[in-house]
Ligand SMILES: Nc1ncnc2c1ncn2[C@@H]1O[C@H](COP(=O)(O)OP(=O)(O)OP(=O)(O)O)[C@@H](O)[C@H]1O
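First comes one chain, alone, set out as structure tokens in the form predicted alone.
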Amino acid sequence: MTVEDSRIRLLVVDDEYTIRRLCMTVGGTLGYVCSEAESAETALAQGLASAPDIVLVDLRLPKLSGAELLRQIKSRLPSTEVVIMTGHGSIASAVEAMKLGAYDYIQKPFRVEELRLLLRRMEEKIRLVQENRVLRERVETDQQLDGIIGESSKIREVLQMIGRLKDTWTPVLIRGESGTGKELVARAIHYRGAFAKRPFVTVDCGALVPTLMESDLFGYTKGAFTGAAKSKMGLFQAADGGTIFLDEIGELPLELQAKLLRVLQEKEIRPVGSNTNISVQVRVVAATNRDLNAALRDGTFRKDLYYRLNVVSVFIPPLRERRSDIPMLVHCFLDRHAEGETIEVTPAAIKLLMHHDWPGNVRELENCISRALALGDHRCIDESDLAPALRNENDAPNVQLPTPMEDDAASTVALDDLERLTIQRVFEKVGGNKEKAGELLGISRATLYRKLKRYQIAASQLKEETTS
């Protein structure tokens, strides 16, 4: 979004030139993008094309009235806010216009400061509506991303890249350590865009049987080898029109790499035992936890195939590089494995979780939480509920976590986030009842109010109490 795109757009509709100039001057001083129209007809024909955020409309216009223009604006652009400008004798009509959807009215002649305050008030409402819409879209997007969870800058970069790639045929190489969620990213690239209703075929290159790799990928004809009683479609043909995900591409033998390269170049496959090529249109998304540059140097991976696959590269950071996402992930796993339950995680436990380097990444963290739930009391997860490896790490309680100035947050930030998320989660469970929330959290009502104030959790964010 450009700077101009994010600015408030103001349209002034009045048959008096001096009024239009005054309103546009005030709007200009507030940083708005301003336009004008001398009649309702001009506004409908030209002015609404820019989808203004605010329209100042004179109630008495030469032909089509301001009230009728208001109706048409609200019909075409329901989210546009309209202010009626009126003389002293038309206040009753202005009030009627508000019943039709006008935000407010302002009486002529008005002072500059009066108009400025009105526009500022409208801007605040518009910004709030825009922020709410963005948040809703973000929540919907997060729900569609097949479990990719996080707020850190590095995971946001991954999500942005997914958004750019979702509708393209461009080959993608996903890099990341084991357990970071490479298949989740591949599925998100496929299912978020135009490919969603097309085939998505997953191939674990490391699990393919060497003697059957070619026939698995490209299929075979009847009689191609002993036991081939009938022809069989390969995985590439099954993915025709959609996406094939080649997981652990670095495990593919050199002979198969050459044949895969031909498929990417010619967009054709040849089943084992056949002399006929079959055209396929497939988007290839590959993934690896190996250093393919090292494989290029030692000759175990073809350079030409690497450059074919690595048109766009997506790197998924290890969990140790986005520690601020750990509290959010913990809550996600609690919801997944203990749905409907309210389970607290103590600050001491979260400190251990934040300190651990997680060589198994998100997968290891989920297993850790699952283990704690299985062995715990389903009320609270403390240090003693975590795996011994976490508890026994050298000087774990005394190690300083990254400072707030370092990338991806500090322990205090994460602990605050966890407490805030816990309070909000408990409120959702009890329908906004503060008394019940205090009981579940084990704190007094006064302490609860202090924490609501500390974390700036407004009452409007929570459901009204069912009882009090």
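Bear in mind the structure is a predicted one, so any value in this text is a computation, not a measurement. Numbers follow the displayed sequence, beginning with 1.
Omitted here: the form predicted in complex with the ligand. The next part is about that form.
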Within 4.5 Å of the ligand in the model of the complex - does that hold for a heavy atom of every one of Ile149, Ser178 and Leu329?
yes
Only one of Gln237, Thr221, Thr168, Asn289 comes within 4.5 Å of the ligand in the model of the complex by heavy atoms, so just point that one out.
Asn289
The single option of Asp385, Glu251, Glu366, Glu321 touching the ligand in the model of the complex, heavy atom within 4.5 Å
Glu366
Answer among 262 to 270, 331 to 339, 190 to 198, 108 to 116 for heavy atoms within 4.5 Å of the ligand in the model of the complex: the stretch 331 to 339
So in the model of the complex, does Ile244 come within 4.5 Å of the ligand, heavy atom to heavy atom?
no
Would Val314 sit within 4.5 Å of the ligand in the model of the complex, counting heavy atoms only?
no
Any chance Arg283 has a heavy atom within 4.5 Å of the ligand in the model of the complex?
no
I'd like to know if Val362 sits close to the ligand in the model of the complex, meaning any non-hydrogen atom pair within 4.5 angstroms.
yes
What residues in 180 to 213 sit within 4.5 Å of the ligand in the model of the complex, counting heavy atoms only?
Thr180, Gly181, Lys182, Glu183, Leu184
